[in-house]
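A lone chain, given as C-alpha coordinates: the form predicted alone.
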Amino acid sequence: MPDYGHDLTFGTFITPTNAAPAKVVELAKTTEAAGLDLATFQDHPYQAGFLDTWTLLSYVAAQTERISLSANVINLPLRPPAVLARAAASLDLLSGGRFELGLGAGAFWDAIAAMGGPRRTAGESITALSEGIDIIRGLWDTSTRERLVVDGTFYQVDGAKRGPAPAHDIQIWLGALKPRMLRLIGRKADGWLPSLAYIKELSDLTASNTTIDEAAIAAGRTPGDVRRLLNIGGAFSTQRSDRLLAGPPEQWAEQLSDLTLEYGFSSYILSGDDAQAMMILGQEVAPAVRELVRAERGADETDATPAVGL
(Lines give C-alpha, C1' and ligand atoms only; values in the text may rest on other atoms or scores of the structure.)
Protein backbone atom coordinates (compact mmCIF):
# COMPACT_ATOMS: atom_id res chain seq x y z
CA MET A 1 0.00 0.00 0.00
CA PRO A 2 1.12 3.55 -0.58
CA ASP A 3 2.26 5.91 2.14
CA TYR A 4 -0.71 8.00 3.29
CA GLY A 5 1.57 10.95 4.03
CA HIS A 6 0.70 11.51 7.68
CA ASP A 7 3.19 13.05 10.06
CA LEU A 8 5.07 10.47 12.10
CA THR A 9 4.39 10.10 15.81
CA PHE A 10 5.74 7.73 18.45
CA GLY A 11 4.45 6.74 21.84
CA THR A 12 4.24 4.24 24.67
CA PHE A 13 1.76 1.63 25.88
CA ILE A 14 2.19 1.52 29.67
CA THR A 15 0.72 -1.14 31.96
CA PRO A 16 -1.55 0.63 34.49
CA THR A 17 -0.67 -1.67 37.38
CA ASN A 18 -1.96 -0.48 40.76
CA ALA A 19 0.84 -2.23 42.65
CA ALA A 20 3.22 0.60 41.77
CA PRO A 21 1.17 3.66 40.77
CA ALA A 22 4.08 6.07 41.09
CA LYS A 23 6.07 4.01 38.58
CA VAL A 24 3.21 4.17 36.08
CA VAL A 25 3.13 7.95 36.29
CA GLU A 26 6.93 8.11 36.10
CA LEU A 27 6.90 6.09 32.88
CA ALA A 28 4.46 8.60 31.40
CA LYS A 29 6.88 11.35 32.38
CA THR A 30 9.70 9.33 30.80
CA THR A 31 7.63 9.22 27.60
CA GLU A 32 7.63 13.00 27.57
CA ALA A 33 11.31 13.29 28.53
CA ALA A 34 12.26 10.91 25.70
CA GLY A 35 10.75 13.27 23.16
CA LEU A 36 7.90 10.93 22.33
CA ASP A 37 4.45 12.17 21.37
CA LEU A 38 1.93 9.95 23.09
CA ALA A 39 1.36 7.88 26.24
CA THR A 40 -1.39 5.25 26.26
CA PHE A 41 -2.86 2.82 28.79
CA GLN A 42 -5.06 -0.23 28.40
CA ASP A 43 -8.59 -0.03 29.80
CA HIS A 44 -9.88 -3.15 31.55
CA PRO A 45 -12.18 -1.91 34.34
CA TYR A 46 -12.82 -5.49 35.49
CA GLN A 47 -9.09 -6.04 36.14
CA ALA A 48 -8.59 -5.56 39.89
CA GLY A 49 -4.82 -5.28 39.47
CA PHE A 50 -5.07 -2.16 37.32
CA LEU A 51 -5.63 1.49 38.10
CA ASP A 52 -8.82 2.92 36.65
CA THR A 53 -7.72 4.14 33.25
CA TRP A 54 -9.81 7.30 33.15
CA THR A 55 -8.59 8.43 36.56
CA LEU A 56 -5.03 7.65 35.49
CA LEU A 57 -5.34 9.62 32.24
CA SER A 58 -6.62 12.65 34.16
CA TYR A 59 -3.81 12.44 36.72
CA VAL A 60 -1.10 11.99 34.08
CA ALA A 61 -2.48 14.93 32.11
CA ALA A 62 -1.88 17.09 35.18
CA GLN A 63 1.64 15.72 35.59
CA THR A 64 2.78 16.31 31.99
CA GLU A 65 2.94 19.30 29.68
CA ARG A 66 3.36 18.24 26.06
CA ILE A 67 2.47 14.63 25.26
CA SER A 68 -0.92 13.51 24.04
CA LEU A 69 -2.79 10.86 26.02
CA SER A 70 -5.18 8.08 25.12
CA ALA A 71 -6.58 4.81 26.31
CA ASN A 72 -5.48 1.86 24.23
CA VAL A 73 -8.44 1.31 24.02
CA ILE A 74 -11.46 2.46 26.08
CA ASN A 75 -13.85 -0.34 27.01
CA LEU A 76 -17.10 1.09 25.63
CA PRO A 77 -19.48 -1.49 27.18
CA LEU A 78 -18.48 -0.30 30.67
CA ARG A 79 -18.31 3.43 29.83
CA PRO A 80 -21.61 4.80 28.44
CA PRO A 81 -20.96 6.88 25.32
CA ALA A 82 -22.82 10.02 26.35
CA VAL A 83 -20.92 10.26 29.64
CA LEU A 84 -17.69 9.28 27.88
CA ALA A 85 -18.15 12.09 25.36
CA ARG A 86 -18.38 14.72 28.10
CA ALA A 87 -15.49 13.19 30.02
CA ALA A 88 -13.29 13.16 26.89
CA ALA A 89 -14.14 16.76 25.98
CA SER A 90 -13.53 17.86 29.57
CA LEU A 91 -10.12 16.18 29.74
CA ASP A 92 -9.20 17.68 26.38
CA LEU A 93 -10.11 21.14 27.65
CA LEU A 94 -8.25 20.69 30.93
CA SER A 95 -5.12 19.34 29.20
CA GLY A 96 -4.99 21.99 26.48
CA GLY A 97 -6.01 19.71 23.62
CA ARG A 98 -3.88 16.68 24.46
CA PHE A 99 -6.45 13.89 24.53
CA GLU A 100 -7.33 11.37 21.80
CA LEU A 101 -10.01 8.68 22.08
CA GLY A 102 -8.89 5.12 21.46
CA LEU A 103 -12.11 3.13 21.53
CA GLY A 104 -12.92 -0.59 21.62
CA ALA A 105 -16.05 -2.64 21.09
CA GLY A 106 -15.30 -4.81 24.11
CA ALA A 107 -14.08 -8.32 24.81
CA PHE A 108 -13.91 -10.66 27.82
CA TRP A 109 -17.68 -10.64 28.11
CA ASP A 110 -17.81 -12.77 31.25
CA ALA A 111 -15.71 -10.17 33.06
CA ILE A 112 -17.78 -7.31 31.65
CA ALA A 113 -21.02 -8.99 32.73
CA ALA A 114 -19.56 -9.61 36.19
CA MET A 115 -19.10 -5.83 36.50
CA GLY A 116 -22.76 -5.22 35.60
CA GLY A 117 -22.12 -4.58 31.92
CA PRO A 118 -23.86 -6.13 28.92
CA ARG A 119 -23.00 -9.40 27.26
CA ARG A 120 -22.88 -8.95 23.47
CA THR A 121 -22.08 -11.03 20.46
CA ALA A 122 -19.30 -9.86 18.14
CA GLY A 123 -21.83 -8.43 15.70
CA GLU A 124 -23.81 -6.70 18.44
CA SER A 125 -20.67 -5.12 19.86
CA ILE A 126 -19.81 -3.59 16.49
CA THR A 127 -23.32 -2.19 16.07
CA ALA A 128 -23.13 -0.76 19.59
CA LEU A 129 -19.73 0.79 18.84
CA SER A 130 -21.08 2.47 15.71
CA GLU A 131 -24.00 3.89 17.70
CA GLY A 132 -21.63 5.03 20.44
CA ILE A 133 -19.48 6.92 17.94
CA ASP A 134 -22.57 8.75 16.65
CA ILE A 135 -23.51 9.81 20.18
CA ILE A 136 -19.97 10.91 21.06
CA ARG A 137 -19.54 12.98 17.91
CA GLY A 138 -23.03 14.41 18.29
CA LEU A 139 -22.37 15.64 21.82
CA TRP A 140 -19.06 17.20 20.75
CA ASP A 141 -20.78 19.09 17.91
CA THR A 142 -21.81 22.46 19.31
CA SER A 143 -22.14 24.06 15.87
CA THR A 144 -25.86 23.28 15.93
CA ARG A 145 -28.61 23.69 18.49
CA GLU A 146 -30.64 20.83 17.10
CA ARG A 147 -31.73 18.20 19.60
CA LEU A 148 -29.41 15.22 19.59
CA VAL A 149 -31.41 12.09 18.96
CA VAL A 150 -29.83 8.68 18.39
CA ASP A 151 -32.33 5.83 18.50
CA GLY A 152 -29.99 2.88 18.37
CA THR A 153 -30.46 -0.75 19.25
CA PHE A 154 -28.00 -0.58 22.14
CA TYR A 155 -27.62 3.14 22.87
CA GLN A 156 -30.20 5.89 22.77
CA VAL A 157 -30.18 9.60 23.52
CA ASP A 158 -33.29 11.73 23.16
CA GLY A 159 -32.61 15.44 23.24
CA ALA A 160 -29.32 15.33 25.14
CA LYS A 161 -27.71 18.75 25.48
CA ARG A 162 -24.65 19.15 23.26
CA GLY A 163 -21.26 20.13 24.60
CA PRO A 164 -18.79 20.89 25.79
CA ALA A 165 -16.83 21.05 22.58
CA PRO A 166 -13.31 19.71 23.05
CA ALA A 167 -10.28 21.97 22.76
CA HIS A 168 -9.32 20.35 19.46
CA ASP A 169 -10.83 17.82 17.07
CA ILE A 170 -10.36 14.68 19.15
CA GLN A 171 -9.49 11.72 16.96
CA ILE A 172 -11.35 8.46 17.44
CA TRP A 173 -9.07 5.45 16.93
CA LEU A 174 -10.48 1.94 16.78
CA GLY A 175 -8.60 -1.24 17.57
CA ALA A 176 -9.67 -3.93 15.08
CA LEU A 177 -8.58 -6.67 12.70
CA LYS A 178 -11.72 -8.24 11.25
CA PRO A 179 -13.51 -6.97 8.11
CA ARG A 180 -16.70 -5.60 9.67
CA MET A 181 -14.75 -3.51 12.17
CA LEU A 182 -12.37 -2.38 9.43
CA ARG A 183 -15.33 -1.18 7.38
CA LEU A 184 -16.60 0.77 10.41
CA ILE A 185 -13.18 2.40 10.69
CA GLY A 186 -13.35 3.47 7.06
CA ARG A 187 -16.81 4.95 7.52
CA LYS A 188 -16.53 6.67 10.89
CA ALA A 189 -13.12 6.59 12.59
CA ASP A 190 -10.04 8.78 12.41
CA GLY A 191 -7.55 6.01 13.06
CA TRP A 192 -6.91 2.27 12.89
CA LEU A 193 -5.02 0.92 15.91
CA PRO A 194 -4.10 -2.78 15.64
CA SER A 195 -1.37 -4.59 17.54
CA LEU A 196 1.54 -6.07 15.63
CA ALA A 197 1.52 -9.14 17.89
CA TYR A 198 -1.88 -10.18 16.51
CA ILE A 199 -0.96 -9.75 12.84
CA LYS A 200 0.00 -13.13 11.40
CA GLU A 201 1.64 -11.89 8.20
CA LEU A 202 2.57 -8.37 7.13
CA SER A 203 0.85 -9.09 3.83
CA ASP A 204 -2.43 -9.18 5.77
CA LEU A 205 -2.02 -5.44 6.31
CA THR A 206 -2.50 -4.81 2.61
CA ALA A 207 -5.92 -6.45 2.59
CA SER A 208 -6.92 -4.63 5.80
CA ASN A 209 -5.89 -1.27 4.36
CA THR A 210 -7.87 -2.00 1.21
CA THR A 211 -10.98 -2.78 3.25
CA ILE A 212 -10.63 0.47 5.20
CA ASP A 213 -9.91 2.51 2.07
CA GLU A 214 -12.88 1.13 0.13
CA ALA A 215 -15.23 1.79 3.06
CA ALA A 216 -13.89 5.33 3.43
CA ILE A 217 -14.43 6.08 -0.26
CA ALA A 218 -17.94 4.60 -0.17
CA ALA A 219 -18.73 6.91 2.76
CA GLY A 220 -17.53 9.98 0.83
CA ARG A 221 -14.20 10.17 2.64
CA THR A 222 -10.63 9.65 1.48
CA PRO A 223 -8.28 6.87 2.60
CA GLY A 224 -6.00 9.54 4.06
CA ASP A 225 -8.74 10.52 6.51
CA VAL A 226 -7.78 7.44 8.53
CA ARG A 227 -4.45 7.44 10.33
CA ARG A 228 -2.77 4.06 10.74
CA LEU A 229 -1.33 3.48 14.22
CA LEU A 230 0.42 0.33 15.39
CA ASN A 231 1.12 -1.12 18.82
CA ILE A 232 4.59 -2.62 18.58
CA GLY A 233 6.91 -4.67 20.75
CA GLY A 234 10.41 -5.96 20.38
CA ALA A 235 13.90 -5.94 21.82
CA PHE A 236 16.88 -3.68 21.33
CA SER A 237 20.28 -5.34 20.97
CA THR A 238 23.68 -4.63 19.46
CA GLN A 239 23.41 -7.37 16.83
CA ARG A 240 21.25 -7.26 13.72
CA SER A 241 18.79 -10.09 13.16
CA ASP A 242 16.37 -11.22 10.49
CA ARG A 243 13.43 -10.72 12.86
CA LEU A 244 11.12 -7.73 13.00
CA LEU A 245 12.07 -5.22 15.70
CA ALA A 246 14.80 -7.36 17.22
CA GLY A 247 18.12 -5.62 16.81
CA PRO A 248 19.91 -2.27 17.09
CA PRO A 249 18.10 1.07 16.78
CA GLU A 250 19.10 1.50 13.15
CA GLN A 251 17.43 -1.81 12.26
CA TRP A 252 14.27 -0.71 14.05
CA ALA A 253 14.35 2.57 12.11
CA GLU A 254 14.68 0.80 8.78
CA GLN A 255 11.87 -1.62 9.53
CA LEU A 256 9.50 1.03 10.86
CA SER A 257 10.16 3.26 7.87
CA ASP A 258 9.30 0.29 5.64
CA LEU A 259 6.01 -0.14 7.54
CA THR A 260 5.26 3.52 6.85
CA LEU A 261 6.18 3.53 3.18
CA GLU A 262 4.77 0.12 2.27
CA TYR A 263 1.78 -0.24 4.60
CA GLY A 264 0.89 3.32 5.52
CA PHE A 265 1.51 3.30 9.27
CA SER A 266 2.50 6.63 10.76
CA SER A 267 2.22 6.17 14.54
CA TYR A 268 4.16 3.58 16.50
CA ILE A 269 3.31 2.81 20.12
CA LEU A 270 5.83 0.76 22.09
CA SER A 271 4.36 -1.80 24.50
CA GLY A 272 6.10 -2.46 27.78
CA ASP A 273 7.41 -0.68 30.82
CA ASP A 274 11.11 -0.40 30.00
CA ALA A 275 12.22 3.20 30.54
CA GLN A 276 15.48 2.65 28.67
CA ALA A 277 13.66 1.30 25.62
CA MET A 278 11.42 4.37 25.69
CA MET A 279 14.46 6.64 25.63
CA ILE A 280 16.02 4.72 22.73
CA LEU A 281 12.78 4.91 20.78
CA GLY A 282 12.44 8.64 21.32
CA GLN A 283 16.06 9.73 20.99
CA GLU A 284 17.44 7.30 18.39
CA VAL A 285 14.74 5.43 16.51
CA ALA A 286 12.12 8.14 16.00
CA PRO A 287 14.52 10.74 14.51
CA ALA A 288 16.01 8.11 12.21
CA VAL A 289 12.59 6.94 10.99
CA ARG A 290 11.54 10.50 10.29
CA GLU A 291 14.70 11.12 8.29
CA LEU A 292 14.33 7.92 6.25
CA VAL A 293 10.68 8.62 5.47
CA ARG A 294 11.37 12.27 4.71
CA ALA A 295 14.08 11.30 2.24
CA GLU A 296 11.86 8.75 0.50
CA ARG A 297 8.90 11.10 0.33
CA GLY A 298 11.15 13.80 -1.11
CA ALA A 299 12.49 11.39 -3.71
CA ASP A 300 8.97 10.40 -4.72
CA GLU A 301 7.97 14.04 -5.13
CA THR A 302 11.07 14.69 -7.23
CA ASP A 303 10.37 11.67 -9.43
CA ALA A 304 6.78 12.82 -9.94
CA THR A 305 7.78 16.35 -10.99
CA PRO A 306 8.33 16.77 -14.75
CA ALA A 307 11.53 18.45 -15.82
CA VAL A 308 11.22 22.05 -16.94
CA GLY A 309 10.50 22.31 -20.65
CA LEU A 310 9.25 18.74 -21.10
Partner chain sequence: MDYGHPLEFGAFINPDSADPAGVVDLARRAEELGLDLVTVQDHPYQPALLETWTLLSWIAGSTDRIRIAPNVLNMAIRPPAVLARAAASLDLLSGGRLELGLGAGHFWDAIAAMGTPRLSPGESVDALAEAIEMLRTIWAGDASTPLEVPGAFHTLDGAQGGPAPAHTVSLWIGALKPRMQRLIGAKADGWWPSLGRLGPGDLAAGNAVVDAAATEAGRDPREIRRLLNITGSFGPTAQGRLSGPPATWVEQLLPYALDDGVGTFVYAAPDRAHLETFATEVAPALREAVATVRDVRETEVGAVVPLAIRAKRREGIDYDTVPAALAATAVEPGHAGFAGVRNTYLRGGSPGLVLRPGDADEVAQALSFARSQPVPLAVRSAGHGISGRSTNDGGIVIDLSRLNRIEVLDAATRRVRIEPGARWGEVAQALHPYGWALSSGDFGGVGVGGLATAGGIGWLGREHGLTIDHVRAVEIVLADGRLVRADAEHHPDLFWAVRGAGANFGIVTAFEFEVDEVGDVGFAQLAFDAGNVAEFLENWGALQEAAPRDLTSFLIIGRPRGGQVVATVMATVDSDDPDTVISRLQPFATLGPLLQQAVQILPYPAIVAAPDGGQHGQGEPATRSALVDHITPELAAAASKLIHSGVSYFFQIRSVGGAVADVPPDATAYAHRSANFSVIAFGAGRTRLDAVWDTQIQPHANGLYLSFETDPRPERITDAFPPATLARLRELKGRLDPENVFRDNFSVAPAKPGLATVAG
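Not measured: the values here are computed from a predicted model. Numbering follows the first chain given and starts at 1.
Form predicted together with the partner chain: not shown, discussed below.
Under a 4.5 angstroms non-hydrogen atom cutoff, the partner chain in the predicted bound form has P164 among its neighbouring residues. None of the heavy atoms of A207 is located within 4.5 Å of the partner chain in the predicted bound form. Though the partner is left out of this view, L51 does reach within 4.5 Å of the partner chain in the predicted bound form, counting heavy atoms only. Contact check for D158: a non-hydrogen atom falls within 4.5 Å of the partner chain in the predicted bound form. Residue heavy atoms within 4.5 Å of the partner chain in the predicted bound form occur in exactly one stretch of 231 to 239, 210 to 218, 82 to 90, 183 to 191, and that stretch is 82 to 90.
With the partner removed from view, the residue among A197, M115, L202, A107 that has a non-hydrogen atom within 4.5 Å of the partner chain in the predicted bound form turns out to be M115. Residue in contact with the partner chain in the predicted bound form (any heavy atom within 4.5 Å), chosen from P45, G272, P249, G35: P45. Residues from 53 to 74 that approach the partner chain in the predicted bound form with a non-hydrogen atom closer than or equal to 4.5 Å are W54, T55, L56, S58, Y59, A61, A62, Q63, in the order they occur in the chain.
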